[in-house]
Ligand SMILES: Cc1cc2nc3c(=O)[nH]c(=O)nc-3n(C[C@H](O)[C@H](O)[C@H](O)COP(=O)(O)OP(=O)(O)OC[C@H]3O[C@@H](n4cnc5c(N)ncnc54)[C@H](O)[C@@H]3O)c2cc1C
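Given as C-alpha cells, the chain that follows is alone and in the form predicted on its own.
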C-alpha cells in the first residue's frame, strides 16, 4: 500500500502498546474515528510486555504527583477491566522488607508516604509475621500491601486489541512513521506502509521512541533515556521458595531487585535498572546470575546461583538519566479550529 494517496483520519494514534491501545479504544468508544499505527508486526512488543506484570498499589510515589494519583485510581479500574475481559490476574499482595533494624525508619517513612497517597489498606508486620507469610524470607519488619497483584501483560494487550477493533479502531501493523508535518487544520503523517495520512489530532504513544516522534513534529525539547531492567528466573524446582511478591526497600533507580511470583506460577528475580545507549539492546552485557543471587540472599538466604537462569529483560522509557521520575509532556492545540498533536 506504500505510495497510496493521502487518507483523512480524525484521530491518529502512534504506538500500539498498552497506552496507545487504551487511548484508541477510549476515543473510538466515544464515537471518534481512530486509526492506530504500530511499527512492529505485533502489538505491545516493547515495554508493555517486557515487564513484571505487577499491579502496583501506589506506595513510593511523591504525594500529589500524577504517578501517585493515577496509580491509586487506576489500580482498581485495572482490576475491574481484567475481570471483565477474562485476563488472568491475581490480587496476591506483596511485602516490602526491612532487612535490618536500621532500615525500619525508612520503612515507616515509606508507609507514611503511601498513606498520604491514599493507599489505606497497608499494615506493618514483624519478623514472625513475615515468616508466617513467606517461610523462606528473612527480615526485621515489613509493609504488607494487600492490593498489589499480578496479571498477564501479554493477554491484556491482546484483550485491548480485541476491544479496540470491536469499537471500530483501524489497526495497522508494520507502519513505521517516517515524517510529520503540522498544518493549521491537520497533521500530515507519512508512513512506510500507508503513505501519507492527514489527521485532525495525533496521539504520541510511541513509548521509548516518543521523543523521536515529537521531534518529527517540531517538538525537539524532549529526550528519552532507555533504562534496561534484567531478570533472573528461578528454576521450577525452587519456585516455591517465594509465594507472592517480596520487595526490598526502594533504591535510587527503580524498586530494587525483588521476587515476583507471576500469574502463571513462575518465580522471577529482578529487575535491576541501568541506563544504556540503545533503545533496542535487550541482551548485550547481561548481568550474571551470581549477582542476582547475591542481591536475593538478603531477602531469601536459601537462593543460590545454581537456582537461577537468565530470564527476560525490558527497557523502560525515562525522561531523565539519573532518576526514575518521569515527566509527561502533553502537546496540544485546539481540536476545533486547528490540528492537535498530543
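Predicted model, so just to flag it, every value in this text is computed and none were measured. Numbering follows the first chain given and starts at 1.
Another form, the form predicted in complex with the ligand, is not on view; read the next lines as being about it.
Shown without its partner, this chain lists 124, 176, 194, 104 as candidates; in the model of the complex, only 176 has a non-hydrogen atom within 4.5 angstroms of the ligand.
With the partner omitted from this view, the residue of 68, 308, 315, 57 that lies near the ligand in the model of the complex is 315 [heavy atom within 4.5 Å]. Only one segment in the set 27-35, 45-53, 286-294, 300-308 has residues whose heavy atoms sit within 4.5 Å of the ligand in the model of the complex; it is 45-53. Shown here without its partner, the chain carries 135, 250 and 269, none of which come within 4.5 Å of the ligand in the model of the complex through any heavy atom. In the model of the complex, the ligand sits within 4.5 Å of a heavy atom belonging to residue 206. Within this chain, residue 12 is remote from the site of the ligand in the model of the complex, having no heavy atom within 4.5 Å. The ligand is not shown here, and in the model of the complex it never comes within 4.5 Å of any heavy atom of residue 111.
By the criterion of a heavy atom within 4.5 Å, residue 40 is counted among the residues contacting the ligand in the model of the complex. With contact defined as any non-hydrogen atom lying within 4.5 angstroms of the ligand in the model of the complex, the contacting residues in 19-33 are 19, 20, given in sequence order.
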